[in-house]
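Below you will find one chain, with nothing else, as structure tokens; this is the form predicted on its own, and questions on how it binds or moves follow later.
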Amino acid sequence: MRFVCATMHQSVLAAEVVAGLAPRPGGVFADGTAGSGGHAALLAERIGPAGRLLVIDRDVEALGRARERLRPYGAVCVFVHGNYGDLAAHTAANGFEALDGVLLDLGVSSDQLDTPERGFSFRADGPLDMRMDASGGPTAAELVNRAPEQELAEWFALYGEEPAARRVARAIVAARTAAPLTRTADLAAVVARAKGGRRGRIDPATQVFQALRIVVNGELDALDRGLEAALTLLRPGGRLAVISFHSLEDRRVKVCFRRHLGRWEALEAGGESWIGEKPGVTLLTRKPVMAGATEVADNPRARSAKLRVAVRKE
């Protein structure tokens, strides 16, 4: 088998991810959020024909792109249409046991944002969907048109950190009484009117769309489950790398790593006791790694990316 470098555009923080995960020939890795396969190709390139790479994505279209991009690596890659929150089940079902590394690149992908039919973006009109796995589950339109005003306000405040959450929720309920909100442009317009004032650098609908996307896809629950599963599945010395794109994600990653940081504490009667959650980790990144000016200029999405890496203790 001949391994070749990927020729498509470079993924966010690509060099930093490779440095953090330190893949070596024969390594066993999992990419829980493969997207179009950019990071996965870099891992497959380095683990070589003797390695194994579990490639997971809940978006079947993204998984199809990843499969095509990773075709040169043949049987090294095993593809799974599923949620990385179920990482333990996916590894068990596919014969992956102890892992040398796990990568989680969170949030919505550029391909999803740039496809109006998926309904993730307010920049182009499309059906109000937002499902990463379009094969099932309620759409954003269903939630927006059914949820009580109080619940909408809670979502916007908690998951979107939207200061005008109550005002926006009230406006949505008023608007849907006249006609259901089924298009991204419809929802964006309601939010803009509710918030009023002049537009700043950030579109007024940004935080509301983020909140709905998180709710539709159960993103934070999947993150909590995926982080714990990944740490458990790592072999001693194995590494978990996580790229987040907003404060809610990054905060959860940071808190999880701190819980597992722990320490051994001497007991009065002799011996030691572990203080903290197991398995224990050390932090490879005390502060999140962020993209440099050159990468941000080439790819504006990289501006908000934060990479944290933890190493499972021996």
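For clarity, every value in this text was computed on a predicted model and none was experimentally measured. The numbering used is simple: start at 1 and walk along the sequence shown.
Note that the form predicted in complex with a small molecule isn't included here; everything after this is about it.
When contacts are judged by a 4.5 Å heavy atom cut-off, residue 187 does not count as touching the small molecule in the predicted complex. Looking at residue 82, you'd find a heavy atom of it within 4.5 angstroms of the small molecule in the predicted complex. Interface residue remark: residue 38 is counted as part of the site for the small molecule in the predicted complex, having a heavy atom within 4.5 Å. Put simply, residue 204 is far from the small molecule in the predicted complex: not one heavy atom of it is within 4.5 Å. The candidate stretches are 284 to 292, 28 to 36, 257 to 265, 271 to 279, and the one lying within 4.5 Å of the small molecule in the predicted complex by heavy atoms is 28 to 36. Scanning 128, 214, 169, 132 against the small molecule in the predicted complex with a 4.5 Å heavy atom cut-off leaves one residue, 132. Residue 108 is the only one of 173, 108, 181, 229 with a heavy atom lying within 4.5 Å of the small molecule in the predicted complex. Annotated contacts: 162, 248 and 304 are all free of the small molecule in the predicted complex [non-hydrogen atom within 4.5 angstroms].
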